[in-house]
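Two versions of one and the same chain are coming, encoded as structure tokens; call them structure 1 and structure 2.
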Structure 1
Amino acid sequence: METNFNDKQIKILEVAEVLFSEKGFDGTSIRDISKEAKINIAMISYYFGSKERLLEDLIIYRTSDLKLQLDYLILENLEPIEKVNKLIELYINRVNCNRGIYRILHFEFTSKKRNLNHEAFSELKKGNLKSLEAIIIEGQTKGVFKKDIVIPLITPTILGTFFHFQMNKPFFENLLNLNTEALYNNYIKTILTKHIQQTIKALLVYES
């Protein structure tokens, strides 16, 4: 799979990322993209073949650099709980910095209309889960984490909390008086991240 795009192609990809994420795949026309990118409509078919393949290329373009920083984390000399905290921070930061593409993945991968290559993305998720599992089991072996934990449900709690917050952005902006983008981002970086860390820690160590 080729990932070397020229300037024009990158421009198209970046505009598509913004528009797809804002208005959805079906809600964005290639005329919208070409106008915003100041590139002739025909260039999109010329470079990518079709709108659907543009989306596929976009996903590859944005997830190929997302190579696992997780594996480094596992090998670090840290307490299990510290590793989990770092993992959460890493997750939130990754997803928050690449909102556009994650929003698209979130929406378009779920649509029954799209028949994208689910396999590749599924493998990515499985790999991430394996890394998380390694950290949890290490903590259990060391006796700091309790035993009866459903590991595959931890990621939904971490990412789900973030996504749900993100999806209801206008609501929370209003509720929490996060009037500026900076305030909003800061809230994610500090309070939301801490909330998730606190939640997961409690789940992992609290004996009922």
Structure 2
Amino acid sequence: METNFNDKQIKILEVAEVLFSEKGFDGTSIRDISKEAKINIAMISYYFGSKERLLEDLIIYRTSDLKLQLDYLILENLEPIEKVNKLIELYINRVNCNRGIYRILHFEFTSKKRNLNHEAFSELKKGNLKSLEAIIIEGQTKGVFKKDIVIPLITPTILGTFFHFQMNKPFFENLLNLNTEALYNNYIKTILTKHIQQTIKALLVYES
């Protein structure tokens, strides 16, 4: 699984991400990517082989370093609930800043139109889940987290709330008077993130 990309590969991946997000995977050709990136088609084929492989590498490029950030978080001198709060901030900020790739991911993995290498992405998700498990187990060992937590459902609870908010963006912009992109993003960073943190805390922590 390739995780180290050179500057040319990164340029191709970032151009492809924008085009896939705007025009869809099927609506984007290698020629489109070549033209936008100002890199010839032969070079793109040399680096990635096919459009499907380019998409797989794009997913790896945008998601693989999260595990490293989570590993650092586990080692920080913080209480377990503080680690969970930082993990939530990390997840929400990451997904909000990379909406394009997550839009592509959602469509490709739900449509099942292509035989993508889901295994590579699944391995990344398993690694991230292990980091979350380590934090939860630490909290349980210290007696601050409940014993009956269904750990694999924590991440969907975090991201599901965000994605519902994002998928209904016009509704919430109108309802909450978030009439600029800056206001909308600030609401996500502050109020929505805090709401998710409080929700997850209620699932994890014994009632006092």
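Under this definition, the rigid core comprises the largest set of C-alpha atoms superposing within 1.5 Å between the forms. Structure 1 provides the reference sequence; residues are numbered from 1 along it. What you see is a predicted model, and the numbers here were worked out from it, not measured in a lab.
- Comparing the two isolated chains, structure 1 is the one taken from the form predicted in complex with the DNA; structure 2 is not.
- Superposition of the core reveals a Cα shift of less than 2 Å for Phe163 between structures 1 and 2.
- With the core held fixed, Lys11 shows a CA shift of 2 Å or greater between structures 1 and 2.
- Core-superposed comparison between structures 1 and 2: the C-alpha position of Ile154 differs by less than 2 Å.
- The rigid core superposition between structures 1 and 2 gives a CA shift for Tyr47 of 8.2 Å.
- Relative to the superposed core, Leu58 has its Cα moved 3.5 Å between structures 1 and 2.
- Lined up on the core, Lys23 has its CA atom moved by 4.8 Å between structures 1 and 2.
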